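Below sits a lone chain in structure tokens, taken as the form predicted alone.
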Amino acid sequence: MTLTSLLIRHARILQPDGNFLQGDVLIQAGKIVEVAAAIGATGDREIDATGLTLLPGVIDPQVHFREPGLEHKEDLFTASCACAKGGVTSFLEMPNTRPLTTTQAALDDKLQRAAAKCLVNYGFFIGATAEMLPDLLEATPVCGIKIFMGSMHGPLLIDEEPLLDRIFSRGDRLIAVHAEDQARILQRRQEYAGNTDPAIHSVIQDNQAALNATQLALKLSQKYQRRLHILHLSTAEEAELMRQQKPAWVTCEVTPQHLLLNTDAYAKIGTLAQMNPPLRSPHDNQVLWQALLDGVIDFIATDHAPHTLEEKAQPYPNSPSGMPGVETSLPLMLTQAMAGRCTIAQVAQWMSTNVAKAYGIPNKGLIAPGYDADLVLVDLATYQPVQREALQTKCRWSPFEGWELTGYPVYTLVGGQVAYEQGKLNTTVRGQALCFQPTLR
């Protein structure tokens, strides 16, 4: 049965001004229609949210869900189940699937798959190639153009400045870059060839490789005043560059991994700590945190990029880079808030409000009348460890296994539908394709 109205009662509601209201939220036809201390109306269903905190659903703006072509690692259904369990109500997915998402036909295929399988809302990037296919500027709907400046091979690798300049000079779509200097990486791979210690990954793909590419992307963005988003900022040097030189039309993000993990993790979890860009030093952690708190870094993404445990068990450098993240990102950040490192309101800004603003996603990211009822009720009173066997992601592991976290979702609502409730998924719920409007221009 499809609910037409839902009433959440007695919740601690995060308001748009960052303050909390103890009260009720009335949802009708997937939209928030009233937020008040007490609502006299009734709904087709009521949720007693006593003791729970109501936040806008997380919008994860960088994920790799592996479908089509790599479904043994993850697929849109399993990934969206993990999203619902983690309080992620919308995601933006990357183009490095098989086939690559570089044409309207490939995009349409993903949209059809998502409509049939996804418990949460979805959007997709289109991938840039050296061919400059017309679909790069015309395919719709897309949240932006993805450019891999490094850490990639095949048609999606764009590591030469003339080609990058050509892409930046045409059209006005948001460009999101994976900023690593491929030439430096290749040189350093030769220097350290034969070293099978996973920790060498952070040495090969070092801070300078990241800074070089970020500087180039920023230069091209400034040359054309082109809307630019820098994905997964990982170094202190990049954060300071952004602090000094970031124009109004540029945004950047950081992952929970680059805030909370560092090179010490290799000794504990080996290749499970391997990702691109790599984990950095504790100093980088600190500088990234400060940049996030100061608003230099705009928001948080997980870069959810699962591989099987068997794949990860291969010796470095044959082990693939990437780790899952959608199920743990919100509890990780809320645990930091409860420890006093930031506020709950800041977490919601970084994981929802600012993402919707940057990508021009209408009616999402706030709890207010007229907004979509993409919501998550979390328990901030209970701490539980991250447990491998409880994960919904197909890869069934987390780099944060064993971490004691709070803020786990108790209910996740997608368009007013209850997709996750007290440990159980409603796999009949389906999200919708996201819409994108031009921003920051």
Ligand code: DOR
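So that there is no doubt, residue numbering starts at 1 and follows the sequence shown. All values derive from a computational prediction rather than experimental measurement.
In what follows, reference is made to the form predicted together with the ligand, a form of this protein that is not presented.
Spot the stretch among 186-194, 117-125, 304-312, 81-89 with residues whose non-hydrogen atoms come within 4.5 Å of the ligand in the model of the complex.
Heavy atoms within 4.5 Å of the ligand in the model of the complex occur in 304-312.
Does any part of residue 322 reach within 4.5 Å of the ligand in the model of the complex? Heavy atoms only, please.
Contact check for residue 322: yes, within 4.5 Å of the ligand in the model of the complex.
Is it the case that residue 64, even though its partner is missing from this view, gets within 4.5 Å of the ligand in the model of the complex, heavy atoms only?
Close contact exists here: in the model of the complex, residue 64 approaches the ligand to within 4.5 Å, heavy atoms only.
Even though the partner isn't displayed, in the model of the complex is residue 361 close enough to the ligand, meaning a heavy atom within 4.5 Å?
No, residue 361 stays farther than 4.5 Å from the ligand in the model of the complex.
Using the partner position in the model of the complex, report whether residue 275 sits within 4.5 Å of the ligand, counting heavy atoms only.
The answer is yes: residue 275 has a heavy atom within 4.5 Å of the ligand.
96, 148 and 232 each touching the ligand in the model of the complex (heavy atom, 4.5 Å)
Each of the three qualifies.
Along 170-191, which positions have a non-hydrogen atom within 4.5 Å of the ligand in the model of the complex?
Only 178 sits within 4.5 Å of the partner.
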